[in-house]
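Here we start with a single chain on its own, the form predicted on its own, put down as structure tokens.
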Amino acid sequence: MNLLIDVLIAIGLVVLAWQALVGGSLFRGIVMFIVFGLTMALAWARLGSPDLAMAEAAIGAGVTGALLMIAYWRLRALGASRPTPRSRLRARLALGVGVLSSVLVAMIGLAAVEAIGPGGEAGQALAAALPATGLGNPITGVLVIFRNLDTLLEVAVLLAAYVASRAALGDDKAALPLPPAQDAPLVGALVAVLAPLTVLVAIYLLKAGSQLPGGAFQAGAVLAAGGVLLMLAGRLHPAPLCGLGLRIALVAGTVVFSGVGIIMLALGQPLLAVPGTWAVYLIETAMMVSIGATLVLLFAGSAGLSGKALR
């Protein structure tokens, strides 16, 4: 039964990826991409990686899918959604690129499998370094000890994406049109329950990330989902200016992570070294806030936000 489920997921990924690329319309391609992301989350869960499964479902399928939908509707509003005539040459080139990419990925995978030593040197190095950090989750340990620069750059890339979006849009005429605040009791009750719940879940994922699956990216994605919910319910609206608190939230992850790393370098430690568990929580909290704020603003397509969260 388990083998059958894995085979169905693998076949589904291939079919969905193909449909996302060659779908009959742009809208269909976006829908297939979102479903592909959700199926990929199932694949990561089957592989025993709940961290990646949550990140894929929340960011890869959820937020990215929403951004693609927003871009699609804006293209339609600008009259730029007319389909372009298909070219057989382009289709053949795309097929060739796809085949070569698949071969390349397969070769890299085989090389990675063969490169693993019999003694598991990487695992032994992580097991030796993990107790000093006070962490119990090996994934968080890898990100903190061996891939700290990658983690910092991921937050910096999100910040750069927001800055680039503001430079590209220029003004806020292209901001996402959102519905006005609804006075329906059901909407108000739903928001009143789900908005605080997203904060609690985000805090739990942040706290659990040191010992269990979770962490800043998963917690930030949950916070972003709460912000998107408030916007769709009419509680938050795009604003032309970014307030001081929101600016601090946007740069908190990059500034705090870089600051801790530079201080450790001044103390004679390696760059971006983490002095203890307290520093892990400090960095992860700042990253969670930055990730949530950046994703919400990217969804809104505006410089800031205004309005009361709950009414």
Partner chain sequence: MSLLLPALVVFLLLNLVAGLWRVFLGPTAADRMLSALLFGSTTVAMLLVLAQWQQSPALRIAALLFVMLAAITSIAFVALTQGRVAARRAPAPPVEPRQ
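Rigid core here is just the name for the largest C-alpha set that superposes within 1.5 Å across the two forms. Residue numbers count along the first chain shown, from 1. Since we're looking at a predicted model, the values are computed, not measured.
Keep in mind that the form predicted in complex with its partner chain is not shown, yet the notes after this line are about it.
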Site test, Val31, Arg76 and Val228 vs its partner chain in the predicted complex, non-hydrogen atom cutoff 4.5 Å: yes
task: With heavy atoms only and a cut-off of 4.5 Å, decide whether Leu205 touches its partner chain in the predicted complex.
output: yes
query: Though only this chain appears here, would Leu190 touch its partner chain in the predicted complex if you measure heavy atom gaps against 4.5 Å?
result: yes
message: At 4.5 Å between heavy atoms, is Phe27 in contact with its partner chain in the predicted complex?
response: yes
field: Proximity of Ile145 to its partner chain in the predicted complex, heavy atoms at 4.5 Å
entry: no
message: Given a 4.5 Å cut-off on heavy atoms, tell me which of 238-246, 43-51, 277-285, 259-267 is the interface stretch with its partner chain in the predicted complex.
response: 43-51
message: If the cut-off is 4.5 angstroms on heavy atoms, which of these, Leu232, Leu149, Val157, Ala91, is the one near its partner chain in the predicted complex?
response: Leu232
statement: Picking from Leu95, Leu153, Ala161, Leu197, the single residue whose non-hydrogen atoms come within 4.5 angstroms of its partner chain in the predicted complex is Leu197
query: Is it true that Val63 shifts between the shown form and the other one by 2 Å or more at the Cα, once the core is aligned?
result: yes
query: If we fit on the core, is the Cα of Tyr204 displaced 2 Å or more between the shown form and the other one?
result: no
Distance direction in the predicted complex for the C-alpha atoms of Gly62 and Leu229, relative to the displayed form (3 angstroms or more): closer
message: I want to verify one pair: Gly60 and Leu197. Are their C-alpha atoms nearer or more distant in the predicted complex compared with the form I supplied, knowing the change is 3 Å or more?
response: closer
